[in-house]
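Let's start with one chain on its own, the form predicted on its own, as structure tokens.
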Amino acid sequence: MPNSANSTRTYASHKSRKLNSWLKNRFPDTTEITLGLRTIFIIPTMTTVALSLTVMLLFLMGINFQNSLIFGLSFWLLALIVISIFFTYRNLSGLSVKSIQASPCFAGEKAVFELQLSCPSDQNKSSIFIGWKDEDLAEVNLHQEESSQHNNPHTQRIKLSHSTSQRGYFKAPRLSIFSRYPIGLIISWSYAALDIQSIVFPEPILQKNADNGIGKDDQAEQGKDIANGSTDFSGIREYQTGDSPKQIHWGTYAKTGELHTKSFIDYASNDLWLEWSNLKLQGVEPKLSHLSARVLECHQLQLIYGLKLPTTTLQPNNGEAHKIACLTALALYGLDSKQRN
């Protein structure tokens, strides 16, 4: 009995792999797809199956009783099914789906993908559903606007989100696209394997007492004074032999007749470093989560900070772009090229 169960699971797994391989060949990764004859499947609903059996029964009754009214009813119902197939297929045919952009997120959150849907200007699309099973599912209606120009496709942008669980690049799974328009007897079904991916940052979890001397004093705002600098004016002092004539304060000389010199100071750098080697944590993921939280903290406090990983060093800076660069480095740390793509 156990061998039979294992054989069943093996057979099901083999069939699943063959199906995924066939779908991958039929729907290769692309940035844009236009649905047509090769990419749309027609599936009858249970209502259609029941209606077809009713048509067969009515047809047999018409033959048995030689009743033209029953013949007419059976042919009318059959025509309704055939016409539904045509209109349901046409509602999906010509629809173009294009990937626009993906928003980054943290592990455990939802990655948001922006898509553009369009169709020829002489067509209308109604009640088209696009999304993933157990995730976001959006309904799209593309109707021709009276003011739109001829031959310009009507377009609409939508955003879909998908759950994430681990850091790195998250590639959007194959999208399901289907419609039951106009009367729900037939389902037109298709897929879209869009080549779009989102960066997933490590989940920010700040660990107490995890840092061991993270860079320099992060309480100072300007740093340490350096005498004889050249940046900021600090005052006037008595003239000393060797002072540059450019630094003589001639206004004071005009009043007192004595030479005085302008003095300047510079400031030593007090940039903050977030260093991997200074963390008192075990494991790669806890360290990445803590550094992710520290990056967000430094960004919120508008500090100038840098990041040092065993394989990457980002020089001190601040701003949104620097934050994204640091979080991206954390997200991709330790991942090989296959995991990155």
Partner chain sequence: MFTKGFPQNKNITHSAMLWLIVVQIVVTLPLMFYLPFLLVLVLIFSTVWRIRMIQGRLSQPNNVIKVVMAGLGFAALASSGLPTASLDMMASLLLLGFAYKALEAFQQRDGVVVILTGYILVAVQFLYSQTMLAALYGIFSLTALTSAMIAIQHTKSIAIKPNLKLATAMLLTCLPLMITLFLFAPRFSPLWSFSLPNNHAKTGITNRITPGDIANLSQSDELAFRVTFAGEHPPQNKLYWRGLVLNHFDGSTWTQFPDELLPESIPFRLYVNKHDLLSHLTRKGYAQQYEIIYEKSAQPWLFALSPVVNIEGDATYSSDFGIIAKQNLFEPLLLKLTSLPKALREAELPHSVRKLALQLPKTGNKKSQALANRLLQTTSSQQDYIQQVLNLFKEEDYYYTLHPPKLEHENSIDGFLIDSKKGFCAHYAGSFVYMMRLAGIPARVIAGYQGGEWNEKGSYLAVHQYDAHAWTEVWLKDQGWVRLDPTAMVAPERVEKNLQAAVKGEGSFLEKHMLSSAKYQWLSGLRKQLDASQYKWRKLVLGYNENTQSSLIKQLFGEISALKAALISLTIFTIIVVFWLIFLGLTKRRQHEAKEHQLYRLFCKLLEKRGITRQPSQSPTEFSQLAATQLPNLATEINRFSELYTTLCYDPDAKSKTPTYIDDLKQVIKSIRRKK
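Predicted, not measured: the structure shown is a model, and the values here were computed from it. Rigid core here is just the name for the largest C-alpha set that superposes within 1.5 Å across the two forms. Numbering follows the first chain given and starts at 1.
There is another form of the same protein, the form predicted together with its partner chain; it is not shown, and what comes next is about it.
K.L.:
Report the stretch among 106-114, 201-209, 157-165, 122-130 that approaches its partner chain in the predicted complex to within 4.5 Å, counting heavy atoms only.
P.N.:
In the other structure, the partner sits against 122-130.
K.L.:
Counting non-hydrogen atoms within 4.5 angstroms of its partner chain in the predicted complex, say which of 296, 303, 284, 61 makes the cut.
P.N.:
The residue from 296, 303, 284, 61 that makes the contact is 61.
K.L.:
Could you tell me if residue 271 has a non-hydrogen atom within 4.5 Å of its partner chain in the predicted complex?
P.N.:
Outside the cut-off, so no.
K.L.:
In the predicted complex, does residue 137 come within 4.5 Å of its partner chain, counting heavy atoms only?
P.N.:
Residue 137 belongs to the contact set for its partner chain.
K.L.:
Taking any heavy atom pair closer than or equal to 4.5 Å as contact, tell me whether residue 77 reaches its partner chain in the predicted complex.
P.N.:
Residue-level check for residue 77: yes, a contact with its partner chain.
K.L.:
Might residue 70 be said to contact its partner chain in the predicted complex, defining contact as any heavy atom within 4.5 Å?
P.N.:
Within the cut-off, so yes.
K.L.:
Give a yes or no on whether every one of 276, 314 and 318 sits within 4.5 angstroms of its partner chain in the predicted complex by heavy atom.
P.N.:
Checking in the predicted complex: none of 276, 314 and 318 is within 4.5 Å of its partner chain.
K.L.:
So which bits of 170-202 sit within 4.5 Å of its partner chain in the predicted complex, heavy atoms only?
P.N.:
Counting only heavy atoms within 4.5 Å of its partner chain in the predicted complex, the contacting residues of 170-202 are 176, 178, 180, 181, 182, 183, 184, 185, 187, 189, 195, 197.
K.L.:
Does residue 71 count as moved between this form and the one not shown, where moved means a C-alpha shift of 2 angstroms or more after fitting the rigid core?
P.N.:
The answer is yes, as the C-alpha of residue 71 shifts between this form and the one not shown by 2 Å or more after core alignment.
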